[in-house]
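Starting off, we have a lone chain in the form predicted on its own, written out as structure tokens.
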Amino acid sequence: MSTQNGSVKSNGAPSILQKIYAQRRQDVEQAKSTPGTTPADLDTLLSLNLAPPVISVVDRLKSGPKPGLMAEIKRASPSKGDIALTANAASQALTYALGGASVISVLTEPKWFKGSILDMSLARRAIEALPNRPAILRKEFIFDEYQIAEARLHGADTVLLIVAMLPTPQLKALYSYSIGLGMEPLVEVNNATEMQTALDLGAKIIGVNNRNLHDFNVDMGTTSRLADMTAGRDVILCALSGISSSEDVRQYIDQGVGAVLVGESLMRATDTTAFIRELLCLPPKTEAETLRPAAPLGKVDGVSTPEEALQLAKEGAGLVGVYLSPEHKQAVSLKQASQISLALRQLRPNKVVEFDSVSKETPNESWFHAHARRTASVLNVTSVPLLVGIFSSDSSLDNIVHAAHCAQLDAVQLSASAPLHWASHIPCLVIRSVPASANLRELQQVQKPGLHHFVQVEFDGEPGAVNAQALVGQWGVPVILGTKGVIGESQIAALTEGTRPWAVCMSIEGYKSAKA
């Protein structure tokens, strides 16, 4: 056992840190000797680029709220015992991310902290589709390059290196290895000697742990006493442990602290999002009406001529749909779709349009909220409907992509049976059509973020539509209400009231009939 600051406590008994270190050495050796997770296996997996993309934790902390919040997922600890054993890492991570966290710290030590590398992997996957996701920190007792490679492979953007636990040569080697994988480590210190070691190392993020890892006692003044050592340096100073109120945070801000790590208080909070806002002195979070606006957009399908499209644009339609599968009775050719596209594009402003400015400090929002907001913003500026190419289940991915490029489609609409992953290959917005009578699994599947951007639910009068209406009304997804199988304005009004859709769709015949 090699620790920089003493090998045993004054009474000769091993410290808590040493007990954890000894156990983790056994755990790591077992993992390294297990077929499939050997160091050579990890090197191969990394060389295959299987690790998810990394973001700069330094940039993330500098661009978010001040101070940055490192929100920790921690089920238990040696000092506090069980904290939140039933906590779900993925759900907690998403709550932290949408609440305003800049970094999500995931404890992956299993015996004392009840964590795992799977927790970190699932936390990363839960926030993957967010437009401004927090960085993921592997909070672990790291002493081996293997643990850093493992962290990178499972989605970490940064790792923790504890000066108290590592001889200086080993600390330097681990720091360099982490940098080589694109991860700037969080270097943890507890006293002036360790702080100087971290500064000499060139660390850009230094965390002062208010908790002494040998006896786990907390002294909130530890960060305050060391703050001056980073003054004037290009270093993000972080206060770790013991922080439970906005008063604690304000005190540290005045001392130059750029980020705070909070774990237990967040895990015990009744309303996690409200507590985050309170900690960071941010206004209460309100959800914009991007998914369910008071006045839904209009979508008209079956348009076949530029004249029809221009008339719909004049009358305020938000989306215009053209059928591009030859077997459809209202199908248009690619040439006709291109003519419709050109007619609509000529209506768009021919000068530079001033959009609302967007910075890296834009608060996080869900995948679906982000696309609904951006699309609505574009429509508000241009006042020209989006052109949607509608494809059947017989359409191939190559045909869809070809049509999107040739006709300069703004969006494509896929059938319910089209593979979910196709959306990642399509160079424009994607709407997925699904019947309201679909089974529960199918209806849940279309709520997965990171794939399509909107869901069109076709209410066709089937018995299952009643249940679907209640379900869809609770979705966190922008829904286009398909009314082609619904008879009568009163039924459409009832469905609209129950689902509060982002847009309401009808056929060109139905639209003309309603106008007559």
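Residue numbers here begin at 1 and follow the sequence given. Just so it is clear, the structure is predicted and the values come from calculations on it, not from any experiment.
Just so you know, the form predicted together with a small molecule exists too; it's not on screen, but the next bit is about it.
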Taking the partner as it appears in the predicted bound form, which of 194-202, 410-418, 379-387, 137-145 has residues with heavy atoms within 4.5 Å of the small molecule? 137-145
Name the single residue among G298, G100, G258, G242 that comes within 4.5 Å of the small molecule in the predicted bound form, judging by heavy atoms. G242
One residue of F391, F113, Y252, F368 in contact with the small molecule, assessed in the predicted bound form (non-hydrogen atom, 4.5 angstroms): F113
Can you check whether E188 is within 4.5 Å of the small molecule in the predicted bound form, heavy atom basis? yes
So, in the predicted bound form, is E264 in contact with the small molecule at a 4.5 angstroms heavy atom limit? yes
Does K172 reach the small molecule in the predicted bound form if we count a contact as any heavy atom within 4.5 Å? no
Residue-level question: is E72 within 4.5 Å of the small molecule in the predicted bound form, judged on heavy atoms? yes
